Every structure is written in C-alpha cells, then in structure tokens.
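Okay, here we've got a single chain as structure tokens, the form predicted alone, with questions on binding and movement later.
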Amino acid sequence: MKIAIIGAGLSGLTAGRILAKAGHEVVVFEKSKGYGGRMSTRRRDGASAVLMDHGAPYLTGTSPDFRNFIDELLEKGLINRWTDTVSCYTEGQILPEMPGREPREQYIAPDGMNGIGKYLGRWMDFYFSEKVGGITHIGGSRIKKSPWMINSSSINVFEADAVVIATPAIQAYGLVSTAQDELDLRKMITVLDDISYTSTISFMAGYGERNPVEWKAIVCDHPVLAWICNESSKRNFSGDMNIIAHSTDTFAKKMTEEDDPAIARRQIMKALGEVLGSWAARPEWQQSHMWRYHLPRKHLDTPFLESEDDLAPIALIGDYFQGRSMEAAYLSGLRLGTHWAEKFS
C-alpha cells in the first residue's frame, strides 16, 4: 500500500518505520523544515555551533516497549544518560532536588533531539515544509484505486491507499473535518473535539563564557517560568553557558494577545534574573519559539483511532493517546504500526 503520514513527530515516524519495513510505501508530509515535531533542535552558528533542544528536552519512560526503544538508541549512540534528578525553584530559592519526586533516568541526544527523527525516518520518503490543508475521500478502494487524496500546499494531487494523521489533536480535527462526509470520520471528530492543549514559549539564550552551574534542570514555581534546562550540560562544555526556559501556560496564553514577541522575551529574561541571578537577565543572544500545542490537557484511553473501512483506512495517533508524553507518542505509533503491518500484510 501507499501510506501517507501527516506529521513527522515521534508517533508518525515510529508507525512509518514499522510499515515501511513491512513492505509498504510510506510518504511523510511535514509542515516544518525537519524531523521530530516536539523533538526539535535549533542550531545557532557563531564562533561555535550551538544546539538547542527547544521542544522536548529529554526522553524518559518506564514501559517495556519504550525501554527497548531507549536501549536501541543507546546502542546506536544517539542518546546518553543525562540525570535522574531535577532541581526545584520555590519560595525564592533553588533546591537541589524536587521534593517528593522519585528519581527517574532521563536521556538526552548529544547531537540534538532531531537526530532521533532522522534515524527513524531512514525508511521513508519526506515532503518537508509541506502543509496539508485537507484530505479527500475520492471513492474506490485500495484494491483497484487509491481512495484518498492529500491536499497539500504545493503538490497538486497525491493519492494514497491509507492515511495516518500524526498531528496534535486540534490539527487532526481540522484535517478530519475536511472529509467528514464519512460516518467513521464524524465519530472521530466527536472524540477529538474534547482534546485541548497547554501552550508554552520556549526561550533560548546564550551567555558566552561562564563557569558551569551545578544544576541540569529546574522545575519552577513561578508565574512566568515553568522549566529551565541547562543545555550546556548535555554536551561537552565549551565554556559557553546556554539555557532554555519554558514559560507557563498562563503566561504563553497571555502573550498570544501581544503583537510583539519581544515583549514576552523581555519578561522571560526578567524572570530568569529573579530565579537564577541578575546575570541570567542579560544574555548575549536570545531567540524564542511559541508552542501552541505543547501538551494535551487530557488523553484518550486507547492507543489510536482508526476507521472501520479496511478498503479506505485512516487512523489517528499521537501523544494524546494513553498519556501526554514522548513515551505516549511512541507507544501510539508503535501500536498502530504493528496493528496495520499485520492487518495489511
């Protein structure tokens, strides 16, 4: 079968790898410029190249299947063990460990989190910077004629025998709505309508040559900041201090009302100065990225959704199935990929 996957995040790439290895032709459509979805890495070139994981900062999980995936990445040298503890900012001070949190091993990608996406994507074909505006059921079946048409920004017609939508639920809702004449798809829309997301602003900053700090990550009890990550601790420390801060959902939602993103950056820098010290309010360079669909507020109690029409199959996967983490995204893609590889062998 020719299978179209919309979204090159962890769930889509995981399902795609399984289906491609099973002999299907898998084509991935991704609206951004590269792999990974929330496993995104931004590169800043200057006196030395700086890698910033401004989406998911690390991987962690406990299920046997996800542990097997982590072991695979460790064997390939794509990830390293980072830390099993997280610091905490509360009541004006930084505590070395977050009270009540059980240690859990966290893994980082020294060459950037998007390297995991590149590794998974070796079996597939990709259209990057390709926004899909809708999908159309054009009749027929996968036996005699491809039943699906992908309506993208630059490709006039792309026909597929099956479709996997691996986007945030809100975006999946919009895509499924374009083909809602099908009864199965109307059922999907009803389920998706109940999923909402938190937002965050990812603030990336470089401070030049400084002594390394002792902490690797800080969970913040602060009106502006939710999380601070010491990016320099992920790679061989060159003497330059680089950090990433994620804002709270409340602050990010408030900043969507502002026309100038510099307003948000100034407030985040001020907040960093309050938490880390005055030096953190004066970076040598800074960038930001708004994640409108950062984490789902609730999840569905099933690993994926699929239509009942085996001659025009379509399925939804992502981190809003049975969780809200990268582990949940992986397991959703794994379950659908394994299911379809057997079903359409």
Ligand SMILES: Cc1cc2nc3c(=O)[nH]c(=O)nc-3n(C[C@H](O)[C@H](O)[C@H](O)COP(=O)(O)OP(=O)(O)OC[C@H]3O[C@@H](n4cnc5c(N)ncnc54)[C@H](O)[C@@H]3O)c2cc1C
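Residues carry their position along the shown sequence, with the first being 1. Note that the structure is predicted; figures quoted are calculated from it, not measured.
This protein has a second form, the form predicted in complex with the ligand, left out of what is shown; the following refers to that one.
- The listed set V26, I314, M39, M52 contains one residue whose heavy atoms approach the ligand in the predicted bound form to within 4.5 Å, identified as M39.
- Remark: L300 does not count among the residues lining the ligand in the predicted bound form, judged by a heavy atom distance of 4.5 Å or less.
- Proximity of S202 to the ligand in the predicted bound form falls within the 4.5 Å heavy atom cutoff.
- Proximity of T167 to the ligand in the predicted bound form: non-hydrogen atoms within 4.5 Å are present.
- Although the partner is absent here, H246 is a contact residue: one of its heavy atoms lies within 4.5 angstroms of the ligand in the predicted bound form.
- Listed stretches are 90-98, 129-137, 70-78, 254-262; the contact stretch with the ligand in the predicted bound form is 129-137, by a heavy atom cutoff of 4.5 Å.
- Along 1-25, residues I6, G7, A8, G9, L10, S11, G12 each place a heavy atom within 4.5 Å of the ligand in the predicted bound form.
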